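In C-alpha coordinates, one chain follows: the form predicted on its own.
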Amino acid sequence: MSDLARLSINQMTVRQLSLPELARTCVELGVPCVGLWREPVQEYGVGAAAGLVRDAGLRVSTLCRGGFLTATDPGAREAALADNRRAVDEAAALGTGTLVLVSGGLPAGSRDLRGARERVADALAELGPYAEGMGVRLAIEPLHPMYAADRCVVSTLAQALDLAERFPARQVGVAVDTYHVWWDDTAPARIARAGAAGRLHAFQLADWTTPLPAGVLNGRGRLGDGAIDMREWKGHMDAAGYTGAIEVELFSEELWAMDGREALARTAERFVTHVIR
(Lines give C-alpha, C1' and ligand atoms only; values in the text may rest on other atoms or scores of the structure.)
Protein backbone atom coordinates (compact mmCIF):
# COMPACT_ATOMS: atom_id res chain seq x y z
CA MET A 1 0.00 0.00 0.00
CA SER A 2 1.25 3.47 -0.83
CA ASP A 3 2.27 5.68 2.10
CA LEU A 4 -0.20 8.25 0.75
CA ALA A 5 -3.11 5.83 0.30
CA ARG A 6 -5.13 7.32 3.17
CA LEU A 7 -4.02 10.93 2.83
CA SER A 8 -6.57 13.62 2.11
CA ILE A 9 -5.58 17.24 1.64
CA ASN A 10 -8.16 19.65 2.98
CA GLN A 11 -8.69 22.50 0.56
CA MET A 12 -8.01 25.06 3.28
CA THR A 13 -4.47 23.73 3.75
CA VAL A 14 -3.51 25.06 0.32
CA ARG A 15 -6.18 27.65 -0.24
CA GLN A 16 -3.82 29.52 -2.60
CA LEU A 17 -4.49 26.77 -5.17
CA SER A 18 -7.59 26.98 -7.31
CA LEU A 19 -9.74 23.87 -7.38
CA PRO A 20 -8.32 22.76 -10.77
CA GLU A 21 -4.78 23.38 -9.48
CA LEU A 22 -5.54 21.40 -6.32
CA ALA A 23 -6.89 18.47 -8.30
CA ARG A 24 -4.01 18.49 -10.75
CA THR A 25 -1.37 18.71 -8.01
CA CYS A 26 -2.95 15.90 -5.99
CA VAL A 27 -2.90 13.66 -9.05
CA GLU A 28 0.73 14.56 -9.80
CA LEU A 29 1.83 13.79 -6.23
CA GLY A 30 -0.26 10.66 -5.78
CA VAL A 31 -2.64 12.10 -3.17
CA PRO A 32 -5.94 10.24 -3.60
CA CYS A 33 -8.40 12.38 -1.61
CA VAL A 34 -9.39 15.96 -1.00
CA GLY A 35 -11.51 17.59 1.67
CA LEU A 36 -13.50 20.47 0.20
CA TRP A 37 -14.87 23.75 1.58
CA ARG A 38 -18.25 25.09 0.63
CA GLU A 39 -17.30 28.67 -0.28
CA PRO A 40 -14.69 27.92 -2.98
CA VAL A 41 -16.81 25.03 -4.26
CA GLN A 42 -19.83 27.30 -4.58
CA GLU A 43 -17.72 29.90 -6.36
CA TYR A 44 -16.50 27.30 -8.85
CA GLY A 45 -19.93 25.69 -9.14
CA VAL A 46 -20.98 22.58 -7.25
CA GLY A 47 -21.71 20.54 -10.36
CA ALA A 48 -18.51 21.66 -12.06
CA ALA A 49 -16.49 20.89 -8.93
CA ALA A 50 -18.02 17.42 -8.68
CA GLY A 51 -17.16 16.72 -12.30
CA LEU A 52 -13.63 18.05 -11.95
CA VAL A 53 -12.83 15.90 -8.94
CA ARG A 54 -14.50 12.83 -10.42
CA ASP A 55 -12.68 13.19 -13.74
CA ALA A 56 -9.36 13.54 -11.89
CA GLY A 57 -9.99 10.21 -10.17
CA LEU A 58 -10.01 11.78 -6.71
CA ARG A 59 -12.29 11.03 -3.77
CA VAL A 60 -13.84 13.68 -1.55
CA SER A 61 -13.31 12.75 2.09
CA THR A 62 -15.45 15.47 3.66
CA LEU A 63 -17.22 18.71 2.95
CA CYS A 64 -16.60 21.56 5.40
CA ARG A 65 -18.71 22.86 6.82
CA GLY A 66 -22.21 22.93 8.08
CA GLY A 67 -23.40 23.87 11.53
CA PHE A 68 -23.69 27.24 13.30
CA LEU A 69 -26.94 26.07 14.81
CA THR A 70 -27.12 27.97 18.10
CA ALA A 71 -29.21 31.01 17.15
CA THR A 72 -32.17 31.89 19.38
CA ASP A 73 -33.92 34.13 16.86
CA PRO A 74 -36.51 32.05 14.94
CA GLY A 75 -35.66 33.62 11.61
CA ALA A 76 -31.95 33.05 12.08
CA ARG A 77 -32.59 29.47 13.13
CA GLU A 78 -34.64 28.74 10.02
CA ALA A 79 -31.99 30.33 7.84
CA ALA A 80 -29.32 28.13 9.46
CA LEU A 81 -31.38 24.99 8.92
CA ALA A 82 -31.96 25.89 5.27
CA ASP A 83 -28.26 26.52 4.77
CA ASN A 84 -27.40 23.16 6.32
CA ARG A 85 -29.85 21.38 4.05
CA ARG A 86 -28.05 23.05 1.13
CA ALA A 87 -24.75 21.84 2.57
CA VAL A 88 -26.10 18.29 2.68
CA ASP A 89 -27.18 18.61 -0.96
CA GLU A 90 -23.71 19.87 -1.90
CA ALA A 91 -22.00 16.99 -0.07
CA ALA A 92 -24.19 14.48 -1.89
CA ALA A 93 -23.45 16.12 -5.24
CA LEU A 94 -19.72 16.02 -4.55
CA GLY A 95 -19.84 12.32 -3.72
CA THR A 96 -18.83 12.53 -0.08
CA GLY A 97 -20.80 10.84 2.64
CA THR A 98 -19.61 13.21 5.37
CA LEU A 99 -20.57 16.78 6.16
CA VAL A 100 -18.51 18.24 9.01
CA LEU A 101 -20.47 20.40 11.45
CA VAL A 102 -19.08 23.21 13.61
CA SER A 103 -21.89 23.83 16.05
CA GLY A 104 -21.63 27.60 16.48
CA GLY A 105 -20.85 29.81 19.45
CA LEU A 106 -22.94 31.62 22.01
CA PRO A 107 -25.49 34.09 20.66
CA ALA A 108 -24.70 37.72 21.45
CA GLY A 109 -25.23 38.44 25.13
CA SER A 110 -25.76 34.79 26.11
CA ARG A 111 -23.81 32.79 28.70
CA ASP A 112 -25.94 29.66 28.41
CA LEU A 113 -23.69 26.92 27.04
CA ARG A 114 -26.10 24.12 27.88
CA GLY A 115 -28.96 25.90 26.17
CA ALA A 116 -26.85 26.45 23.07
CA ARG A 117 -25.96 22.76 22.93
CA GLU A 118 -29.61 21.83 23.24
CA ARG A 119 -30.40 24.02 20.24
CA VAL A 120 -27.74 22.09 18.33
CA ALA A 121 -29.51 18.87 19.30
CA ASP A 122 -32.86 20.28 18.18
CA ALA A 123 -31.36 21.14 14.82
CA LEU A 124 -29.79 17.70 14.43
CA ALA A 125 -33.20 16.14 14.99
CA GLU A 126 -34.38 17.97 11.87
CA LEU A 127 -31.23 17.64 9.79
CA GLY A 128 -30.32 14.02 10.54
CA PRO A 129 -33.19 12.38 8.67
CA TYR A 130 -32.76 14.76 5.74
CA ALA A 131 -29.05 13.94 5.53
CA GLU A 132 -29.71 10.21 5.74
CA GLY A 133 -32.13 10.51 2.86
CA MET A 134 -29.34 12.06 0.80
CA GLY A 135 -26.76 9.44 1.79
CA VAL A 136 -24.79 11.89 3.95
CA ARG A 137 -23.67 11.57 7.57
CA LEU A 138 -23.33 14.57 9.86
CA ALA A 139 -20.02 14.69 11.74
CA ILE A 140 -20.00 16.88 14.85
CA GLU A 141 -16.53 18.37 15.28
CA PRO A 142 -15.59 19.50 18.77
CA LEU A 143 -13.32 22.54 18.73
CA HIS A 144 -10.75 23.51 21.34
CA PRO A 145 -12.38 25.30 24.31
CA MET A 146 -10.80 28.61 23.32
CA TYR A 147 -13.44 28.74 20.56
CA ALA A 148 -16.46 27.98 22.79
CA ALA A 149 -17.73 31.55 23.03
CA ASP A 150 -17.68 32.60 19.40
CA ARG A 151 -17.38 29.51 17.23
CA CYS A 152 -18.22 26.15 18.81
CA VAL A 153 -20.01 25.35 22.06
CA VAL A 154 -19.05 21.68 21.63
CA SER A 155 -15.53 21.47 23.05
CA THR A 156 -14.85 17.79 23.78
CA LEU A 157 -15.45 14.45 22.16
CA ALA A 158 -17.57 13.53 25.18
CA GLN A 159 -19.89 16.45 24.47
CA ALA A 160 -19.96 15.62 20.76
CA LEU A 161 -20.83 11.99 21.44
CA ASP A 162 -23.49 12.91 23.98
CA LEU A 163 -25.16 14.85 21.18
CA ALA A 164 -24.54 12.29 18.45
CA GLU A 165 -25.82 9.35 20.47
CA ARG A 166 -29.31 10.79 20.56
CA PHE A 167 -29.55 9.88 16.89
CA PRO A 168 -28.78 6.84 14.71
CA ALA A 169 -25.11 6.44 13.80
CA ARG A 170 -26.07 6.42 10.12
CA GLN A 171 -27.21 10.03 10.66
CA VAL A 172 -24.85 11.60 13.19
CA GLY A 173 -21.30 10.86 14.35
CA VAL A 174 -18.15 12.79 15.18
CA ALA A 175 -15.10 14.26 13.51
CA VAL A 176 -11.81 13.91 15.39
CA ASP A 177 -9.28 16.71 14.81
CA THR A 178 -6.00 16.37 16.68
CA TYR A 179 -5.61 20.15 16.95
CA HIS A 180 -8.77 20.38 19.00
CA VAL A 181 -8.66 17.26 21.20
CA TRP A 182 -4.98 16.39 21.75
CA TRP A 183 -4.96 17.93 25.25
CA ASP A 184 -7.92 15.85 26.52
CA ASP A 185 -6.76 12.67 28.26
CA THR A 186 -10.28 11.23 28.04
CA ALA A 187 -10.34 11.55 24.24
CA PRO A 188 -8.82 8.11 23.46
CA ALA A 189 -11.59 6.40 25.42
CA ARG A 190 -14.19 8.50 23.59
CA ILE A 191 -12.64 7.50 20.27
CA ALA A 192 -12.99 3.85 21.25
CA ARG A 193 -16.60 4.49 22.28
CA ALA A 194 -17.34 6.22 18.99
CA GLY A 195 -15.68 3.47 16.99
CA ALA A 196 -17.64 0.74 18.71
CA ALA A 197 -20.85 2.55 17.77
CA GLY A 198 -19.85 3.27 14.17
CA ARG A 199 -19.68 7.02 14.77
CA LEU A 200 -16.12 7.87 13.67
CA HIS A 201 -16.97 9.76 10.51
CA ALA A 202 -13.85 11.89 9.93
CA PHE A 203 -10.24 12.22 11.11
CA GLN A 204 -8.27 15.44 10.67
CA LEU A 205 -4.71 16.38 11.56
CA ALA A 206 -3.00 19.60 12.55
CA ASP A 207 -0.22 20.23 15.06
CA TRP A 208 -0.25 22.49 18.12
CA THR A 209 2.48 25.12 18.17
CA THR A 210 2.97 28.15 20.39
CA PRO A 211 2.85 31.07 20.67
CA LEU A 212 -0.59 31.25 19.09
CA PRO A 213 -1.05 34.07 16.58
CA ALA A 214 -3.32 37.04 17.15
CA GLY A 215 -6.88 35.88 16.74
CA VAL A 216 -5.71 32.23 17.17
CA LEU A 217 -7.70 30.97 14.17
CA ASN A 218 -4.77 30.59 11.76
CA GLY A 219 -2.31 29.05 14.18
CA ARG A 220 -2.43 25.38 13.24
CA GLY A 221 1.04 23.93 13.05
CA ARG A 222 2.42 21.82 10.26
CA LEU A 223 2.72 18.14 11.09
CA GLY A 224 5.81 17.54 13.21
CA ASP A 225 6.31 21.15 14.30
CA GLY A 226 4.44 20.99 17.58
CA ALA A 227 3.38 19.05 20.65
CA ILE A 228 1.11 16.37 19.16
CA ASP A 229 2.18 12.76 18.61
CA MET A 230 0.46 12.12 15.29
CA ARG A 231 1.29 8.40 15.19
CA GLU A 232 -0.27 7.94 18.61
CA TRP A 233 -3.54 9.52 17.48
CA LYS A 234 -3.58 7.49 14.29
CA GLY A 235 -3.11 4.45 16.53
CA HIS A 236 -6.14 5.41 18.60
CA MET A 237 -8.25 5.76 15.48
CA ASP A 238 -6.95 2.52 13.93
CA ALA A 239 -7.62 0.61 17.16
CA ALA A 240 -11.18 1.95 17.16
CA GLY A 241 -11.74 0.55 13.69
CA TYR A 242 -11.45 3.73 11.64
CA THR A 243 -10.21 2.91 8.14
CA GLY A 244 -11.14 6.09 6.28
CA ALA A 245 -9.17 9.01 4.94
CA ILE A 246 -6.81 10.96 7.17
CA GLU A 247 -7.29 14.59 6.29
CA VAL A 248 -4.65 17.26 6.88
CA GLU A 249 -6.44 20.53 7.62
CA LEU A 250 -4.12 23.45 8.33
CA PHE A 251 -4.93 27.11 8.80
CA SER A 252 -1.47 28.62 8.44
CA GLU A 253 -0.39 32.01 7.12
CA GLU A 254 3.11 30.60 6.69
CA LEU A 255 1.87 27.75 4.54
CA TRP A 256 -0.43 29.99 2.51
CA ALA A 257 2.50 32.27 1.67
CA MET A 258 4.32 29.40 -0.04
CA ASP A 259 3.99 28.21 -3.61
CA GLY A 260 0.90 26.01 -3.51
CA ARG A 261 2.45 22.96 -5.13
CA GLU A 262 5.43 23.13 -2.80
CA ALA A 263 3.15 23.52 0.21
CA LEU A 264 1.13 20.47 -0.80
CA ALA A 265 4.24 18.39 -1.52
CA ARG A 266 5.78 19.26 1.85
CA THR A 267 2.53 18.43 3.60
CA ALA A 268 2.48 15.01 1.94
CA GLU A 269 6.11 14.42 2.95
CA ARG A 270 5.37 15.32 6.55
CA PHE A 271 2.34 13.05 6.55
CA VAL A 272 4.55 10.10 5.63
CA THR A 273 7.27 11.05 8.12
CA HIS A 274 5.13 11.90 11.14
CA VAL A 275 2.00 9.80 10.66
CA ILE A 276 2.78 6.69 8.62
CA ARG A 277 6.42 5.74 9.18
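When you see a residue number, it is the position in the sequence shown, counting from 1. Remember, predicted model here, so these are calculated numbers, not experimental data.
One more form of this protein, predicted in complex with a further copy of the same chain, exists but is not displayed; see below.
- Taking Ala76, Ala189, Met146, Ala82 one by one, only a single residue has any non-hydrogen atom within 4.5 Å of a further copy of the same chain in the predicted complex, and it is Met146.
- A single residue from the set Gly30, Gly241, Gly51, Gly224 has any heavy atom within 4.5 angstroms of a further copy of the same chain in the predicted complex; that residue is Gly224.
- None of 90 to 98, 196 to 204, 176 to 184, 131 to 139 except one has non-hydrogen atoms within 4.5 angstroms of a further copy of the same chain in the predicted complex; the exception is 176 to 184.
- Interface residue remark: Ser155 is counted as part of the site for a further copy of the same chain in the predicted complex, having a heavy atom within 4.5 Å.
- Taking the partner from elsewhere, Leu106 is found to have a heavy atom lying within 4.5 Å of a further copy of the same chain in the predicted complex.
- a further copy of the same chain is not drawn, but in the predicted complex it has a heavy atom within 4.5 Å of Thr210.
- a further copy of the same chain in the predicted complex comes within 4.5 Å of a heavy atom belonging to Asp150.
- Contact with a further copy of the same chain in the predicted complex, defined as a heavy atom within 4.5 Å, is made by none of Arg24, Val275 and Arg277.
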